[in-house]
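Given next, in structure tokens, is a single chain: the form predicted on its own.
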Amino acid sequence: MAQAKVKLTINGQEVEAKSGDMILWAALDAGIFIPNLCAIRDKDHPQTGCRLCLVEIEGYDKLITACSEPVIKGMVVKTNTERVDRIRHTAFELLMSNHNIDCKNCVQNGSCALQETASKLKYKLKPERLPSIVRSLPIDDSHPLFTYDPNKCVLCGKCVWACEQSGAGELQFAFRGIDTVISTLGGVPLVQSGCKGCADCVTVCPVGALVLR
């Protein structure tokens, strides 16, 4: 049986989406850009970690993450209000203050989600209001197929999800707060972790943290 469709309005544009779809996918499928780093369409429980996909919904008091809110018939969504931009811009600057900005030497230069967000929303990659707190963490280049640079990681969790889906489950979040990193079980080098070498983690990485050698 075909899934029911609902109509909603996003930025004044009428959009049709499948019932149960999240606002984020309804917007992106309709060609309406909403920035996101951690959203995965096939994941049952959205992480909502990056906070870049915040939107205003008519009748709601607070901003809502578009990746976790299902569409409703007649819903009116705005992605580009002053309130949304203010909070989203702050979230973006927080991410970039902890990111090693080295675009010209990065393999993902030109196909990076951070660059896309900055370009489409007219943000600067280098934060203007926040000091840099980039850590000099060691790069794991032990694996013959790919490398992991935690200084470029945005903690989106996509690699953790991909590793779980592959059946390996070797990648996980470690530590808390500003010390949080993506790590192998036990913190061992990738080559010693039991990694199957599928490189699915590299495929889903939205930035240049995981790249093929």
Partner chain sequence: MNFSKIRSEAVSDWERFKSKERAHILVGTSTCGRAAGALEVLDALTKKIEQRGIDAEIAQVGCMGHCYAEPLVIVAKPGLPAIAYGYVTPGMASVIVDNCLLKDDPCLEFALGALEDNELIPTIYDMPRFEYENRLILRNCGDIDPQNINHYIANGGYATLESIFKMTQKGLIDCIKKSGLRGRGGAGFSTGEKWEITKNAPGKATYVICNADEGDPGAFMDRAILEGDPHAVIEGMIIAAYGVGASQGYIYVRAEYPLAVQTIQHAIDQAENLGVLGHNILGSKFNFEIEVFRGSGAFVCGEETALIASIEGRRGMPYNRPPYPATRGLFGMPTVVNNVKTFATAPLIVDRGANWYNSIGTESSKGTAVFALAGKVVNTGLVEVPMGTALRSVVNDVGGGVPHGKKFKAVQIGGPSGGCLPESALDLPVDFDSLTEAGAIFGSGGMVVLDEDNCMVEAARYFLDFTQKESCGKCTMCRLGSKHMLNMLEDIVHGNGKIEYLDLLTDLAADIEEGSLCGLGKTAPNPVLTTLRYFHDEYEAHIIEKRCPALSCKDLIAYYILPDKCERSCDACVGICTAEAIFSGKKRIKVVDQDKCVKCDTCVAACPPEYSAIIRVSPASAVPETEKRPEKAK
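Residue numbers count along the first chain shown, from 1. All values derive from a computational prediction rather than experimental measurement.
In what follows, reference is made to the form predicted together with its partner chain, a form of this protein that is not presented.
Asks: Look up in the model of the complex whether residue 174 has a non-hydrogen atom within 4.5 angstroms of its partner chain, and give yes or no.
Replies: So residue 174 counts as contacting its partner chain.
Asks: Using 4.5 Å between non-hydrogen atoms, is residue 152 touching its partner chain in the model of the complex?
Replies: Residue 152: no contact with its partner chain in the model of the complex.
Asks: Taking its partner chain as it sits in the model of the complex, is residue 145 in contact with it (heavy atom to heavy atom, 4.5 Å or less)?
Replies: Because no heavy atom of residue 145 falls inside 4.5 Å of its partner chain in the model of the complex, the answer is no.
Asks: Please run the contact check for residue 163 against its partner chain in the model of the complex: heavy atoms, 4.5 angstroms, yes or no?
Replies: No, residue 163 sits far enough from its partner chain in the model of the complex that none of its heavy atoms falls within 4.5 Å.
Asks: Among 80, 115, 97, 108, which has at least one heavy atom within 4.5 Å of its partner chain in the model of the complex?
Replies: Contact residue from the list: 97.
Asks: Could you check which residue among 87, 139, 121, 76 gets a heavy atom within 4.5 Å of its partner chain in the model of the complex?
Replies: Only one option qualifies, and that one is 87.
Asks: At 4.5 Å by heavy atoms, is each residue in 63, 68 and 180 next to its partner chain in the model of the complex?
Replies: Yes: 63, 68 and 180 each sit within 4.5 Å of its partner chain in the model of the complex.
Asks: Which residues within 129-149 place at least one heavy atom within 4.5 Å of its partner chain in the model of the complex?
Replies: Result: 129, 130, 131, 133.
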